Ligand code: ADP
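In structure tokens, one chain follows: the form predicted on its own.
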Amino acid sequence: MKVLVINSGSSSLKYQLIDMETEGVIAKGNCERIGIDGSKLTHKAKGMEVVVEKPMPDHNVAVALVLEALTNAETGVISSMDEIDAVGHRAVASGETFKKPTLVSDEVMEKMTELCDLAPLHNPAAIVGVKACLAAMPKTPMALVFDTSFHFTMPEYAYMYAIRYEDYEKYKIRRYGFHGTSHKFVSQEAVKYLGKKPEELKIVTCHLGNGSSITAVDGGKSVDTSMGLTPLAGVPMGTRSGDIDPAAAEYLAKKENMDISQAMTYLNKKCGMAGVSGISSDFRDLTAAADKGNHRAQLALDMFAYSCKKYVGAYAAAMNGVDCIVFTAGVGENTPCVREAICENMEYIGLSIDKEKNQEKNNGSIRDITGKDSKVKVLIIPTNEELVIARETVELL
């Protein structure tokens, strides 16, 4: 059985074509910097890597490039889309409507559209991906696998906001959390790597990328996470503000004559690392600029690391300890200065890292950067949201 996984992020689109009998990857790739200058597609198949540098103003263009790469006479691995047995799509916001993976239907897509306000950077991208694949493979079953599913184990006191309870009941305003497939995968990989049972470990997983979230995993279950009703909450991100005093947003909106919709667009797309640095939302650009002495780029990096550090400490307190810290995703796997800054001055919980190991390049495998006397394991684990999505798609079918 061949499953195509489409993982649409806010500025990226990752994909894998997986043979589910072996869980081997037939082809995979990544569309980077969608909506940003310098966008490109990197396609890997048959032992080759092909890079296509082409403007990708939106996810429609990205999906079209992916499908072309899979069927291309030279770089492709299938003769037509008929060879794909199912498609699994990463979906971000589910509200309380979808708590488990769900087969795509007209009714489901209507509800997905209604949920776009909960993930304005992601749900529209996922919907575009679904529609593009349906057009190319109208008879192929497709599934939506939600980022939120892993977090439905949070206790009520962790996911509730201190608003009128009647408003929660009417509108389901609560903490949902996101990046669940990634947090689920890397926490399970950490358990296997450490040779323990899930119930024996308290883990903090740090999914750090253009979108970032941090999760407390106690006994294999998510018990708290940094994102909230939408992916806007938590640590500052590529273009998202992260946690902010609502009164500050109102104050700024009044000064700039913005309505609520414009204010939300501002907080989602104009803030974060890009807003503070004035350079880019991409951490590679930020670290390069910081290395050259750019103060605002360094400030953005410092703010990001400081916020992450606070969440790690808070979750260690919430779980009454922590056995393992996991770094994953684009920034978590590839930016040593960020990992070092987060773990610095954390001796009070017994945490330290090996700075030399931390500087080693990403080789695609699990890396242990635990310091010599550290009581807390520190691991870098490449995430594989696509494999989780493929497994859950097959299970659903």
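Keep in mind the model is a prediction, meaning the values are calculated, not measured. In this text, residue numbers run from 1 along the sequence as written. Under this definition, the rigid core comprises the largest set of C-alpha atoms superposing within 1.5 Å between the forms.
One more form of this protein, predicted in complex with ligand ADP, exists but is not displayed; see below.
For a quick test of understanding: in the model of the complex, does each of S10, N123 and F178 have a heavy atom within 4.5 Å of ligand ADP?
The answer is no; none of S10, N123 and F178 reaches ligand ADP.
Report yes if any heavy atom of F283 sits within 4.5 Å of a heavy atom of ligand ADP in the model of the complex; otherwise report no.
Taking the distances in the model of the complex, the answer for F283 is yes, it comes within 4.5 Å of ligand ADP.
Could you confirm whether G29 comes within 4.5 Å of ligand ADP in the model of the complex, counting heavy atoms only?
Heavy-atom contact with ligand ADP at 4.5 Å: absent for G29.
S222 near ligand ADP in the model of the complex, any heavy atom under 4.5 Å?
It does not: once ligand ADP is placed as it appears in the model of the complex, S222 has no heavy atom within 4.5 Å of it.
Using the partner position in the model of the complex, report whether N334 sits within 4.5 Å of ligand ADP, counting heavy atoms only.
Heavy-atom contact with ligand ADP at 4.5 Å: present for N334.
Exactly one residue in G234, G129, G272, G209 has a non-hydrogen atom within 4.5 Å of ligand ADP in the model of the complex; which is it?
Answer to the contact question: G209.
From the list V63, I369, A329, C343, which entry has a heavy atom within 4.5 Å of ligand ADP in the model of the complex?
Selected residue: A329.
Name the stretch: of 283-291, 104-112, 313-321, 244-252, exactly one has residues whose heavy atoms fall within 4.5 Å of ligand ADP in the model of the complex.
Contact criterion met by 283-291 only.
Does K184 show a Cα shift reaching 2 Å between the shown form and the other one after rigid-core superposition?
Stays below the 2 Å threshold, so no.
Threshold 2 Å Cα movement between the shown form and the other one at T383, rigid core reference:
False for T383: its C-alpha shift is below 2 Å.
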